[in-house]
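Below, in structure tokens: the form predicted on its own, a single chain.
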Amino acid sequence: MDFKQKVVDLVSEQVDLPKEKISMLIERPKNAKMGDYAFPAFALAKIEHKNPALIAKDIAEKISDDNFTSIQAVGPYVNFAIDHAKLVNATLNDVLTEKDHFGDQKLGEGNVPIDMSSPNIAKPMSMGHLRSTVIGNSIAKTLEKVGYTPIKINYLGDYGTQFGKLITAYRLWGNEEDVKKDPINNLFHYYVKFHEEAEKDPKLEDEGRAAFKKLENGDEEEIKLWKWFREVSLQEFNRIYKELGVTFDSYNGEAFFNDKMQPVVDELKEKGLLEESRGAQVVNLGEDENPALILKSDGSSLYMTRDLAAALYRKKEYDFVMSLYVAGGEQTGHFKQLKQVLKKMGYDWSDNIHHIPFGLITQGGKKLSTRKGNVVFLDQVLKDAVSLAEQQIEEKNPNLSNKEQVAHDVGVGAVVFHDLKNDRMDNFDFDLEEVVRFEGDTGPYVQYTNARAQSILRKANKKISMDNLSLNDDWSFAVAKALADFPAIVEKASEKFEPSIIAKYALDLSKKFNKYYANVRILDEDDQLNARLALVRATSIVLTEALRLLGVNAPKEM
């Protein structure tokens, strides 16, 4: 039962406001003794020309409902105190009946392409790629839970001037044998060396641009090298995606749109939108806006050209209801321009394109940079995280079966959870030892809470009946109330494209359950044992599902 909705329905019978407005006004009193929900009467003061305290008193006197132990006016608020036993009983029934479908909703439908991860070919995946990958993956899972069909697109950085630079670097300093031995690291080494040398000799930049122009024009040798770099990079990326448990529906990278850009340029010309500016071709976006650069003065394409082609292709291919781009906050200007150009072209569906920005991961307060070689490789971070998890499992539970798998789920899960518990737009400093702790606001803490719940159920070894799941104590009410919030949490996370809402919820539910565990003798043989075990099982179901929505596994033993 949705008790908040019950409050909305009761208030709506007494006031002349739409239910959506009432729902937005409902608050949670800061002091639990004041009740569980509060309706502020301020919104009615102007309409009724009365003191809000009198309005609240009038509303409270007219409402009665046996789902609430008290409905009373406190100053300008109407406070509702839920009948604890009824909430626990209704919530446990819902969770145990719906299981992992608890929280499923039909908030929308239709295809939602999600442009995410998108590493550059021939460079190792760094911690910088982690954010786009795991944020995009969690958003996809959450949107699916509320009715949409996500399409995860790995828009690989497999085209652009950097490949001219890489081809030039390979010809100057590389050899086939080294690349075959350790492809990614050696290609990365050539790329870094190119930038170091180009600072001393700017002519190298011209050579890189010339090599890319040859690649664009279909030069056989350049294409052969480019395909080889792409193939060895993809093998490495897929190994890391497997570690993270992330899959994709499309790997159509920038190169896929190479033959789809000219029609876009032609359309811009036909619609009179293309103008010349200092030899380059641009779309003017207004007096106070920078123009969108479509073609460089030498005629070569840019990110904007390819992204326009990609947006038009995705609309035609998927007929999307929304199209999401999970990319760093520094690209906000680019996506704003993309939408503006599409709008000028007459495509109103551009309103349904959303950039999902995020902050930076730093280390020791410093920004990570691939170009300067100041980079933390994701592969190594995941290996170190699993190793740290293994050490802690060895100390806490040396006889644990399936130790390797659990260490993997805990180590990798810790890295993913740490990223997602931070508000998407926040920058954060990464410290692996903090991340893989079993205590504190960490992924392993949530996983351990779930494993504890599973351990209790194994010890009890009883079939849980659905009869009389009422509990009256404050500890169980706090847990059940948190469980009842899960559908609203899923809805909020999906609307805001914000996985941290789910991660913070999982931490909060874990803390409430651990307080329950510390204060209640769960396995005592009495007439409430069945209800207590139902609460434990319901907590495990919701924690497991919350972790799944974040892309984190939930081991049953730790």
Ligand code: ARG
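We number the residues from 1 along the sequence you see. Worth saying up front: this structure is predicted, and the values here are computed from it rather than measured.
If you look for the form predicted together with this ligand, you will not find it shown, but the lines that follow are about it.
- A single residue from the set Phe212, Phe486, Tyr325, Tyr148 has any heavy atom within 4.5 angstroms of this ligand in the predicted complex; that residue is Tyr325.
- This chain is displayed alone, yet in the predicted complex one of Tyr155, Phe417, Phe163, Phe80 has a heavy atom within 4.5 Å of this ligand; that residue is Tyr155.
- Residues with any non-hydrogen atom within 4.5 angstroms of this ligand in the predicted complex fall in just one of 241 to 249, 418 to 426, 302 to 310, 219 to 227: 302 to 310.
- Three-residue candidate spot Ser118, His129 and Phe335; every residue lies within 4.5 angstroms of this ligand in the predicted complex by at least one non-hydrogen atom.
- Although the partner is absent from this view, Asn258 stays clear of this ligand in the predicted complex, with no non-hydrogen atom inside 4.5 angstroms.
- When this ligand is considered in the predicted complex, Ser470 lies well away from it, no heavy atom lying within 4.5 Å.
- Using a 4.5 angstroms limit between non-hydrogen atoms, Gln331 touches this ligand in the predicted complex.
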